[in-house]
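One chain is shown next in structure tokens, namely the form predicted alone.
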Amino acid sequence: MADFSFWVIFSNLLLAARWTVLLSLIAFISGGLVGVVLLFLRTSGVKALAWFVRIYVEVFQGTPLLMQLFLLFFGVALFGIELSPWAAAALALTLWTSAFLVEIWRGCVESVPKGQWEASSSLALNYVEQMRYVILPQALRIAVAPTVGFSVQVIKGTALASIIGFVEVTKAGTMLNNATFRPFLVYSLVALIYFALCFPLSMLAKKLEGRLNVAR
């Protein structure tokens, strides 16, 4: 039987944590890019585009992330499309992340006083120019804290990718537990790694929120 000491287990979990961090970064960055596009559509004033984004948000916020992972990994195979666990996890988390970020950012944009829209409109700026030069710079200050806070949810959401075979911290923990039969040690270390990843971001979000409240 292989020797699974504390350090062997911990080192293997740390190796798997690299993929948790990488998947989180991919989901957050790509989800943010999709979220920006959706934000422009949502606030464009075109009813059809706004309704599309609202339905998009309701679908991805109103259904479990686990189900979305299953549909992308197993469901698309029915149409002859095969996705690797990496691709399915990245795509599902991107769509899920964008649905939340667009609503966070929409609230920040709508918190900008209407007078700013009117003033920029009087300068003959079009919608894109209004957003770029006037509205988004003001909304950005408000959006930083909740956006950083939501990144914690993205990290924790990656744990569900283990269901479709993506080997990150949770999946590695399950595999190590099956090999060592030491669930308390293994899952305590898994929890510790998630805490080490999420706690600094939570504290940063609170600090940024406090600074924003003082500034306002």
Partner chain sequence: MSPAETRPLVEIKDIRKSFGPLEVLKGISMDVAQGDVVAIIGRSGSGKSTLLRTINGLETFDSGSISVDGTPVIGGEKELKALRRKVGMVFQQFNLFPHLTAAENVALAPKVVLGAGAKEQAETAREMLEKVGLGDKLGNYPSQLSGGQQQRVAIARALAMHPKVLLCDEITSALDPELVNEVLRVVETLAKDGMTLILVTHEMRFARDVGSKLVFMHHGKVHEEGDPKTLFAKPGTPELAQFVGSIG
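On a predicted model such as this, the values are computed, not experimentally measured, just so you know. Residue numbers count along the first chain shown, from 1.
Below, we turn to the form predicted in complex with the partner chain, even though it does not appear here.
Shown alone, this chain has one stretch from 123-131, 142-150, 98-106, 82-90 that lies within 4.5 Å of the partner chain in the model of the complex by heavy atoms: 123-131.
Taking non-hydrogen atoms only, Gln138 approaches the partner chain to within 4.5 angstroms in the model of the complex.
Residue contact check for Gln116: one or more of its heavy atoms lie within 4.5 Å of the partner chain in the model of the complex.
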